[in-house]
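Read the single chain below, which is given as structure tokens and is the form predicted on its own.
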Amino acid sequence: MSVLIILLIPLVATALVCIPLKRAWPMAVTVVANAALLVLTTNIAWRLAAGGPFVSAPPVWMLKWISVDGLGALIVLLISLVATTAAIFSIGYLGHENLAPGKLRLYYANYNLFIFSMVAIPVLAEPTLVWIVVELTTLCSALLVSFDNTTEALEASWKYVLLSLLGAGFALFGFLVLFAAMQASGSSQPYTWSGLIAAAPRMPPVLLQTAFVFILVGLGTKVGLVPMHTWLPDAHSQAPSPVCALLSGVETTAILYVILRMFPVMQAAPNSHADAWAILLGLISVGTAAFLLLQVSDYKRMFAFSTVEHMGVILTAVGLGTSAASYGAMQQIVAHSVTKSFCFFAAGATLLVVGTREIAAVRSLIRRSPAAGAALVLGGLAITGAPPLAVFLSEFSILKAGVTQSRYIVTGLLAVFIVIAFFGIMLHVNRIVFGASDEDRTDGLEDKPIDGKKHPDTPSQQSNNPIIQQSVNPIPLSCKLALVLASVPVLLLGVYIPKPLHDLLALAAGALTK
């Protein structure tokens, strides 16, 4: 079975959802297609973890363009997993809006094209083709960010496109310089990731380092590394919640994958200083996001800033340069993807219940909707690294690797920033879920006499209370199902890592230290 099939599935799904049949048709096609994609990618990952071939039988003439190793298989598996749960969540999330059939088909067509563009990134081995599909992710996801067609969504989408395309220009220049460096080395290797590693020792150091910096900055804009992160909170808060799960959960990871592919190339060259760049940008991103989390006012933006933090954690771990730190980085990639998608599902359920994203306007959520409140608490604890959940295990592995290397300053700063982020997120989650609303504070006071008379709230006073006016809507069944499915890896991977996944993580980590 060819790896090409996993590229064809989302393309076929895109064509099928455009057929004007019953309203449930595009939803069913998208769920079935992404579930099939999940099965196929799981099979590929399983075979690779068991020591199977790195290339899954494409036509001979495409061997130099298509290659899936442990790192690529891990990213494809995460994309298909989040895509499946997000497709299920989309059914109920979009159902409450009563969209026109044409707009519904447009959403699912863009959705499947977006999945195709992300899946193509780790499957393609030629850097120029990878750059093309990276920019395809921008075009497809921008249409999804602006899907609600509000002023804020359109503004966020344009900001996303402009800054991403600016970064794309930097990245393209970096890849062109990288190609020039390979030509200057006199290597006969093909222009692929493995060919670059083989040619790196003979590349001119100035060209190689210049290429790396431009690629890091250019693609770092898409990843959301500070200071190129300014578009990310806007886009990830304005998009529909299942799209946010894709953007924060796997798109940033898929783009980060391209940057990670450069590290074995840089390690093969003398005095590349790639590790120092990674630690510097990583710590700046983690620290900036941690302090911004203290003052955020929108709970979807809160989870978006958390994505900036976690991208920084992963980059810092890779910068430490040891096999243990690389394994921790792979754990962090998995933990962040499954946990962040769950967080945005929880945020989407909360938005469906209360109808607002403002933290100050939501109180006592656990009483209004126990399911949404419990999901938001679990998401907050999970993404901040509370034990015994998946992110805790991965961050502990990274910090342990740093201490083992005697990198005390880097490890200490990383630990402090993680703790600040923990308190920042949980402070807001606690207020939303357990904080007393004005209605709670006035319970039992209306019948108490003041100066011998009762003084109930006047209608005008009640109308000025945004919390009291909130309507509470039920969470659709498909959204609850997506929350349950997405919570399983969040809970499981904190206490147990199955052997096939452990082997795949070790294989992926090995791809960073060649």
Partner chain sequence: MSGATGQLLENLNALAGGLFLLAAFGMVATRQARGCLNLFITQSLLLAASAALLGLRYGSEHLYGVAVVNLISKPIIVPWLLRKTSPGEVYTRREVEQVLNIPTSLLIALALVVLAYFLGRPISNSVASQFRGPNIAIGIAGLLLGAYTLTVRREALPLLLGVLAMENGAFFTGIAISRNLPMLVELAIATDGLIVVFIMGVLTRAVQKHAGTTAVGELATLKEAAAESPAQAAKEEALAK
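Bear in mind that the values here come from a model prediction, so they are computed numbers and not experimental data. Positions refer to the first chain, counted from 1.
The form predicted in complex with the partner chain exists for this protein as well; it is not shown, and the discussion that follows is about that form.
Site residues 84, 104 and 409 are none of them in contact with the partner chain in the model of the complex, judged by any heavy atom within 4.5 Å. Among residues of the shown chain, residue 157 is one whose heavy atoms approach the partner chain to within 4.5 Å in the model of the complex. Proximity of residue 188 to the partner chain in the model of the complex: non-hydrogen atoms within 4.5 Å are absent; the residue sits far from the partner. In the model of the complex, no heavy atom of residue 421 sits within 4.5 Å of the partner chain. Although the partner is absent here, residue 296 lies within 4.5 Å of the partner chain in the model of the complex, judged by heavy atoms. This chain is displayed without the partner chain, yet in the model of the complex the stretch 159-167 from 342-350, 159-167, 248-256, 392-400 comes within 4.5 Å of it by heavy atoms.
Checking 94, 426, 143, 374 for any heavy atom within 4.5 Å of the partner chain in the model of the complex turns up a single hit: 143. Proximity to the partner chain in the model of the complex, defined as a heavy atom within 4.5 Å, holds among 284, 266, 129, 217 only for 129. Taking the partner chain as positioned in the model of the complex, the residues of 297-330 that bring a heavy atom within 4.5 Å of it are, in sequence order, 297, 301, 305.
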